[in-house]
Structure formats: structure tokens, C-alpha cells
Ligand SMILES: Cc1ncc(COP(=O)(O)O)c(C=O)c1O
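To begin, one chain is listed below as C-alpha cells, in the form predicted alone.
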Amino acid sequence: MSDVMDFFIEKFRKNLELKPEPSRYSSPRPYRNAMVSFRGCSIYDLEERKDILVNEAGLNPFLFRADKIPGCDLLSDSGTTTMTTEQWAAMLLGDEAYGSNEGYFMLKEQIKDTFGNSWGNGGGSAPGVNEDTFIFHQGRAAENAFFSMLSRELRKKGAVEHRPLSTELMPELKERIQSRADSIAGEGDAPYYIIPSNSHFDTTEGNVEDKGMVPLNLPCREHLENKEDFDFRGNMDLEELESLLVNEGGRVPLVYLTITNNTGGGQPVSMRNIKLVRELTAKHGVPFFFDACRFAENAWFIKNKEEGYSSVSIPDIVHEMFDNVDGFHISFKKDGLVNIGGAILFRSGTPFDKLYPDFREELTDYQIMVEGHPTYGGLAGRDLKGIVVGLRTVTRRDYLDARIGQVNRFGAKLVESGIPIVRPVGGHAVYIDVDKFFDGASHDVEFMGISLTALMLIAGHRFCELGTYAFGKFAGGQEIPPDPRVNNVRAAVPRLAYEDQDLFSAAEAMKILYDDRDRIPGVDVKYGRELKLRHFKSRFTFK
């Protein structure tokens, strides 16, 4: 297979020799560079990257050395933000006291300012007493803690009868739930509880499954029908949600809404959809939570795309969004604009509080055992101060205009090259549609997202496969694709890190692959096909 890689190496090398075309911009960025970091490798080291890709990383972008990526590292936008000088200044003033450090109280105040006055009030002068803010070292740890405690609370309610699903469920919905339940625990011993979402991300899904529950994706019909002119493809399917709550509400401990919808292409959720989900959950007495990692980007789309919000400020839109939920989990590594940190937050007097009165106390115990004292939650005091400034910055209109505008220009560049992407472009990333990329090609599309990310590494850019390998699984001797089907390669753009020239060079490299897509080989899985969260660990070879 070396000859195919050498073919693309020569194509990439010739592309580097082309003279760049001038771009046209009518307005400057709302920030300037205060610091730069020169890379320790060269875009011309193509053969070296080929060797690392094949012999060290096993074609897996997660295992490829970051210090050997001379172009855009678009593996994730999580914790990869370039922080501001204001954040670095605040971090120099970090209070590293073990308990009740200054940054904790500053964070509580900023949470009220960012999300609304009904948040960040618990504990008061006695942190840990009736607390509502639980700090963790990152969002993934917060997810694990939340679903661990939820599973414990559900078990405390006693054994449940593993009865069949209601015959009154929408037939397609019932089939999807049953199929997913069987794949988790085996037919005849299906999990009882279901966590519906517009779309769970990979680690959220993994945490739900690990706790013996069914993660159920209910993306809206407009998304499934690939309506490129629909601005809120991240919405939840309300008809399916209502069918679930009416017929199997006892199996649903809470409803989860991801803003923006990462798995669904970084697509936003409308305020109308948020409020209608709230109405349904309130009607059936079911708690409602956000996965709020990209809340500010979601608010920007509401302001710019939803009727009635053009004159409403981003901070006010955020407050209105969060007035509808019982609680939320967040990775501050996204719209907190920092490199580390996460949290779980609760609002008092909600259905969740009434259903699980001991939840917060037990979560405090878990937090102490796993992360440390509740007032630092696994973070250094300086990190808390960085989060405070990040939350203050992220709702600025000029920042969000620049951030989402850049991602949209990147998407437009790919479209201009004929590359099929999920449209409209979302807030934090561009998603390449792998099925359409290889439509009409002479080979099977299974796992071809892995092939694309591998060859892009040779070109010097790191993308992430979020498709049939990341969201599928191998069970019972056969491959089970995600349902609904997802088959994308994601280019997640770190905040404040790259300029258009960088992103456009990645688009040019992807165009080379698209123009010769018939020559791109498939992959064989050499290790990890049957593992959980397999895309983080697997190794591949080209066929």
C-alpha cells in the first residue's frame, strides 16, 4: 500500500509549491496575536509523517504525535483554545488554598452572571451544604459522576421488572430502542432505563451505557432528511420524545439536550425546541438537563437565525435558555475558553430535586473521593480564575461573530472545492459527509473515514473520524452501525488558535483526496474492533 501513500505524498508536495491566492477581507479580527509558537516540524516532512502514521500510530489520529503536526490540529476543539492575555493574567493571581479558595467564590458569582440568577446560589458561606455547583477536572469526569450517581439513585428505588416495551410506542422508535438495548446487554436481559437526547456524543453515550442504561438519539426529522436550508438541525424530535414519555415515561429518569448538537454536525438547537422539550418534560414530571458545552455558540445561532431574537443580546438569550432546565453538565474546555475544567450544576426546587433528594449530598461525597475538596474539584486555583474570565468573554458578540464566521468560511472553502459537508455549517466544526464523499466510488464506504483522517495526517493536518467506526460497535461477530446512521469526518476548529490561511490549506489538502478518491484504500482493523470507545484505541492498516 506504500505506492498509494507515495502517490498522495507527491500530490501534497506539488500543492505546497503553488503560489497562494490573495484573499479578500472587509473587516479585521476583533483581537490580535499577543504570542506565537513556532512549530518544531515542517510541512515538507511528508515521509516522516508517513512513517509515524504507519509504524507508530497505526493510522489512528489519536495516537499520532501532536508535535509532528505542522498544519491544523483539528482533532478536537476541547481544551485546545488559545487563552487570552486577560485569562493568563488572572491565572497568575490564582489562590492555591486547598479549601474555599478565592477562585471558587469568583466562579460562583460568574456562573450567576453568565447563566442567570437561579444558578450558583447553593452552599453560600458553607460550601458543600445544599450545594448546586460541582466542579470537576473536565466535562467527561462530570458526565461519569453524574450518571454514576443517577444509576445509584435508580438502584435505591428497588428492583425493576424488565417488562417488554409498550406496543403503543411509535414502531420505528420501539425497534431502535430494542435494538440498542439488545446490543448493550444481550437479548432477554435488556436495560430498563432510557436516556433520550437529540444526540449523545461518544463519551456521553459510553457513560450512559456503562451504567446499564440505553442512550437514545432522537435527532429531528429535518436533520435526518438532510435539509440544508434548515437552520436548527440540532433540534430534538418532539413527536418521538412525546411517544416515549407517554408510553414509557417510567423508564426515563431524565431528558438530555446537547447544545450545540456535536454528533449531529455541530448544529444548533432553537429556543422554540428547548421550550417545547421543557413543556413535554414538565407535563410528564421528567427532569430536563443540558449538555451545555457549546452554549454560547448555540445562543449566537438563536440570535442570528431564529425569529424574534435579532434584537436580544447574547447574555439574555443564554439566561432564557437556561431558565428551562433543571440542571446541566458542562466542559469548560469548550465555551469556557480554557484548557481544563468541567462542572455539574443544579437549580433548586425542580422535578429532579424532588425525585432524587439525596443526589447532591451523595455527589459531594463522590466528588471528594475522586476530585478533592468541592471548592477546587480537581483543578488548580489558577484554573478556576481562568474559567471566570473565559465565561465572561465567551458571550461577547464580537468574539462569537469572529469565531463562527471563521468556521463558516472554512466550510465554504470545502464546498467550493466540491467536498460534501453537513450544511448549514455548525458552530465549532465542519463535518465532511463520508458517504457522499465516496458516492459513486468503486469501493465500500465502511470505515473510509479512517482512511481520510490517515491520509490527511501525511498532508500535515489532523481530523477526527466520527462515523461508523466511532459510533458503531462490533458485537455477536458482526458490525452494528449507528442508528440513526452517522458517518462523518469532523474538523473541529480550536478557538482563537488558527487563521484562515491555516484552515484553507487543510481544505486544499482535502480537495486533493477528493479529486482522487477512487485511489484511496480502505482499512483493516488490526486491534480493538470489539472494544468500547474503540476509536480512541484501535490500530489499522491500509488494505
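Being a predicted model, the structure only gives us computed values, none of them experimental. Residue numbers run from 1 along the displayed sequence.
Note that the form predicted in complex with the named molecule isn't included here; everything after this is about it.
Peer 1: Should residue 201 be counted as a contact of the named molecule in the predicted bound form, where contact means heavy atoms within 4.5 Å?
Peer 2: Close contact exists here: in the predicted bound form, residue 201 approaches the named molecule to within 4.5 Å, heavy atoms only.
Peer 1: Does residue 223 reach the named molecule in the predicted bound form if we count a contact as any heavy atom within 4.5 Å?
Peer 2: Judged by the heavy-atom cut-off of 4.5 Å, residue 223 is well away from the named molecule in the predicted bound form.
Peer 1: Although the named molecule is absent from this view, report whether residue 319 comes within 4.5 Å of it in the predicted bound form, heavy atoms only.
Peer 2: Residue 319: no contact with the named molecule in the predicted bound form.
Peer 1: Quick check on residue 262: any heavy atom within 4.5 Å of the named molecule in the predicted bound form?
Peer 2: Residue 262: yes, in contact with the named molecule in the predicted bound form.
Peer 1: Within 4.5 Å, heavy atoms only, which of 151, 84, 144, 78 is in contact with the named molecule in the predicted bound form?
Peer 2: Partner contact (heavy atom, 4.5 Å) among the options: 78.
Peer 1: Name the single residue among 468, 281, 258, 395 that comes within 4.5 Å of the named molecule in the predicted bound form, judging by heavy atoms.
Peer 2: Of 468, 281, 258, 395, the residue with a heavy atom within 4.5 Å of the named molecule in the predicted bound form is 258.
Peer 1: Just one stretch in 209-217, 304-312, 136-144, 400-408 has heavy atoms within 4.5 Å of the named molecule in the predicted bound form, so which one is it?
Peer 2: Comparing against the named molecule in the predicted bound form, the contact stretch is 136-144.
Peer 1: Hey, which residues along 262-297 are within 4.5 angstroms of the named molecule in the predicted bound form, non-hydrogen atoms only?
Peer 2: Residues within 4.5 Å: 262, 291, 293, 294.
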